[in-house]
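Here you get one chain, nothing else, as structure tokens; it is the form predicted on its own.
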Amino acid sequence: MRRLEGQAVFVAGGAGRLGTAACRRLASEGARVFVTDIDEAAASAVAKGIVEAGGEAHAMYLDLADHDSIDAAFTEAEKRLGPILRMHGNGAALKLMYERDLGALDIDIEAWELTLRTNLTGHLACVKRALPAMIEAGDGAIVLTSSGAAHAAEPIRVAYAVSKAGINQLVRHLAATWGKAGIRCNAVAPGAILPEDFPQMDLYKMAMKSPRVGTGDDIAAMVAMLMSSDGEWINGQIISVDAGMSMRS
């Protein structure tokens, strides 16, 4: 099934476990993919793999904390692919999350601000760059990556959780404001996509309502559906893809 035949898709954060899977799935559905990532070599490798498999893909450096970088990437994407009517915002400051994102009392303000600038403000900047073409076309689909951390609580990673909660509200705002103009915006909230040797994997397996652990392909399948015509009547939703770990309404 090729539900995205000929669609130009901009992916912010297209390398790494989830980003790579998303780019490959979108390309397999017929999309022409513009892969961007702060790791330019990894983005290029993803694009090369898509091309070798018979698809169309291009790659470029993108730093979500740098608005000039975002503008340059969109300009190049439009030059190569034409109007961008599909966008997937997936990038996040994961290194900061693991190394410096502590509780409210202990986190340093620089880490807090850079996390929000990357995970939240950077996605807003991408949206602001993508929206005009979508509004003009009367057609657009934006899929952002949220997290179970946005609706849960833990004693650390406060900046990451707040940034993802902000993504959820950004999604609702965009859907409420431009849904009548033919633009959809949703988010996927992935569960624990972890390697089998992850130290706390047994605890995660106990929480999952599935006989197996998740993969990037599970998330990518939802991203592709939301971008396709199969997702035309879904707007403003935060969809948990987590093997029933959250079970929330």
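Sequential numbering from 1, following the sequence displayed. It should be emphasised that the depicted structure is a prediction, and the values quoted were computed from it without experimental measurement.
The next section is about a form of this same protein that is not shown, the form predicted together with a small molecule.
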Among 25 to 33, 49 to 57, 179 to 187, 193 to 201, mark the stretch whose residues have heavy atoms within 4.5 Å of the small molecule in the predicted bound form. 193 to 201
Let me know the one among Ala77, Ala159, Ala92, Val171 whose heavy atoms come within 4.5 Å of the small molecule in the predicted bound form, would you? Ala92
Quick check on Asp218: any heavy atom within 4.5 Å of the small molecule in the predicted bound form? no
Please check if Arg86 has a heavy atom lying within 4.5 Å of any heavy atom of the small molecule in the predicted bound form. no
Can you tell me if Ala224 lies within 4.5 angstroms of the small molecule in the predicted bound form, counting non-hydrogen atoms only? no
With the partner left out of view, is Thr115 within 4.5 angstroms of the small molecule in the predicted bound form by any non-hydrogen atom? no
